[in-house]
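Next up: a single chain in structure tokens, the form predicted alone.
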Amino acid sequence: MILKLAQSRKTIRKFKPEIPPLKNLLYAIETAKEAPSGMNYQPWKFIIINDQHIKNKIRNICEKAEKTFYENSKGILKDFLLKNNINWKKEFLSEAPYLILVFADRRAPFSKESTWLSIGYMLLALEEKKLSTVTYTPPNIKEISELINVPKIFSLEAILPIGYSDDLKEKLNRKNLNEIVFFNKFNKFDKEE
């Protein structure tokens, strides 16, 4: 069951206007809180945003910084962005019915790693409820945190726009097991630097 959820889950940046039941988001957060964490500190905090005015402000803050980021991108990152038609415009931040902002308590040991484990759990729970998202990592977390009055001990790790998919694109291919699994030692591979 979990493998099937993982295989069907894909990144979505276009959402239908239909509003999912809030209980499905709370289910995903309930699942996320079961993730392992260093010292069982459970350093994560979640803010659900459905206020259109706040979503618009978050989008504006992000797009300002994203424009500079995209203009300065180089190499394989720039190639990937161009190939996949990804640009500095982040419509999904204002068009998705909900945003979940995920924060890590900086005081906790392994807070970043633990919080990202909880995000992984959440992604599968959202897929189970037929909800879609993209794990968006904004470049200017300080401005967003100030907008929604977040204490400085918390670090914004990701924004998850959540809703029903309105994107027909295919899921990007995944590597085969024989490309990523080694036994007893790291084997030589083609893309070695």
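Predicted model only: the values in this text are computed from it and were never measured. In case it trips you up, residue 1 is the first one in the sequence shown, and so on.
One more form of this protein, predicted in complex with another copy of the chain, exists but is not displayed; see below.
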| property | result |
| --- | --- |
| Interface membership of E34, another copy of the chain in the model of the complex, 4.5 Å heavy atom rule | yes |
| Another copy of the chain contact in the model of the complex: T137, any heavy atom under 4.5 Å | yes |
| Contact label in the model of the complex: K14 to another copy of the chain, heavy atom within 4.5 Å | no |
| N50 within 4.5 Å of another copy of the chain in the model of the complex, heavy atoms | yes |
| In the model of the complex: members of 106-133 within 4.5 Å of another copy of the chain, any heavy atom | R107, F110, K112, E113, W116, L117, I119, G120, Y121, L123, L124, A125, E128 |
